[in-house]
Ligand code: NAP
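As structure tokens, one chain now follows by itself in the form predicted on its own.
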């Protein structure tokens, strides 16, 4: 199936969409190119008015937008409404702070005056994923548009109604025609767009193979890209941790978005002394979660987004079990329609399983035991990923080592890893490069121009 809305809770095909032709793609690109010529010179105050309006629309329509999100990718409705609201927050954040982030930065040199000026690059292609279909887009679009760039969105093919609605919101907010457009195209057309001379840069959130392909194409044409790829985030719990809080947070950190989040806690690395208690209580909480229709507000875990994701996750789980992993709860898809997978915990996982290096993209917690802080850090860093890390300890010396030695783009001490408009977000190693959000995210797609006056 190409570009279509398929209800992941039932498998029902609800709506199909015709992808753009090559001629139509060219028209969209030209519209973006022409729009940039005028939009780049508009005042920041005018852009801020429109960006605040986009935020207002997201807030006012949060419930209806949440239902579109849930319908297309299966996120429980409470979380989908919260996603729309969080998307509003990033619009307001950049509307409020854009002028400060883009102000000239004076630098004392041998010139009578010298400074750094920040100017937009032009049309930016955003290739975005289905798992946070609004938030991922708005955290790119809000800073990019406030900076004077224009955006073209190639969204995941299973969330076309989300993609079209986002473009509609920017239009309703007052942004000029061509400043933000949705391209209903398949992945086979991405190369055609990113290599077009009218596209000046790109950003992709998705899998490692997709990131490699995208960056290779952009690099061939010397175009800047930002990549936010996969993660296998550690959640380290040491002897001195506030155990009840760590366990409660662990449930949310693993189950958020049905476990389909790059920054979800995936590998739970436990000190031996607290491991038995942590395992038992986590298993009790997982078993109590309600799996069901994501449109119901009391549902905790909905379906995975596609049948392929369900199949891949189950293959990973079964491979671990065959090798000797112990199942505490879950581990088999239920016999029901839809892409459901039960909250699952695997422990006593031997070396040589997919848990060593692969990302488990669903409601599966992988538990490992360690005898020391050194062993915990070594295990946490022992993957190709480096997106986020959460660590739980009240010992200041341990906290300092964890902050310094964990190989990740973000380290949260005694808290769950999450994205925040006020803080830069991104990874290292095979989790990607570049940053989104905060002032650093806005500066990714700017010409950081040196100005020197005698």
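Residue numbers count along the first chain shown, from 1. Note that the coordinates shown come from a computational prediction; the quantities given were computed from them, not determined experimentally.
Another form, the form predicted together with this ligand, is not on view; read the next lines as being about it.
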Non-hydrogen atom within 4.5 Å of this ligand in the predicted bound form for each of 256, 329 and 344: no
Residue (of 77, 88, 250, 190) lying close to this ligand in the predicted bound form, criterion heavy atoms within 4.5 Å: 190
Interface residue in the predicted bound form among 84, 225, 127, 325, criterion: non-hydrogen atom within 4.5 angstroms of this ligand: 127
Candidate stretches 116-124, 368-376, 179-187, 296-304, one within 4.5 Å of this ligand in the predicted bound form by heavy atom: 179-187
4.5 Å heavy atom contact, residue 210 to this ligand in the predicted bound form: yes
4.5 Å heavy atom contact, residue 381 and this ligand in the predicted bound form: no
4.5 Å heavy atom contact, residue 151 to this ligand in the predicted bound form: no
4.5 Å heavy atom contact, residue 28 to this ligand in the predicted bound form: no
Contacts with this ligand in the predicted bound form, stretch 12-45 (heavy atom within 4.5 Å): none
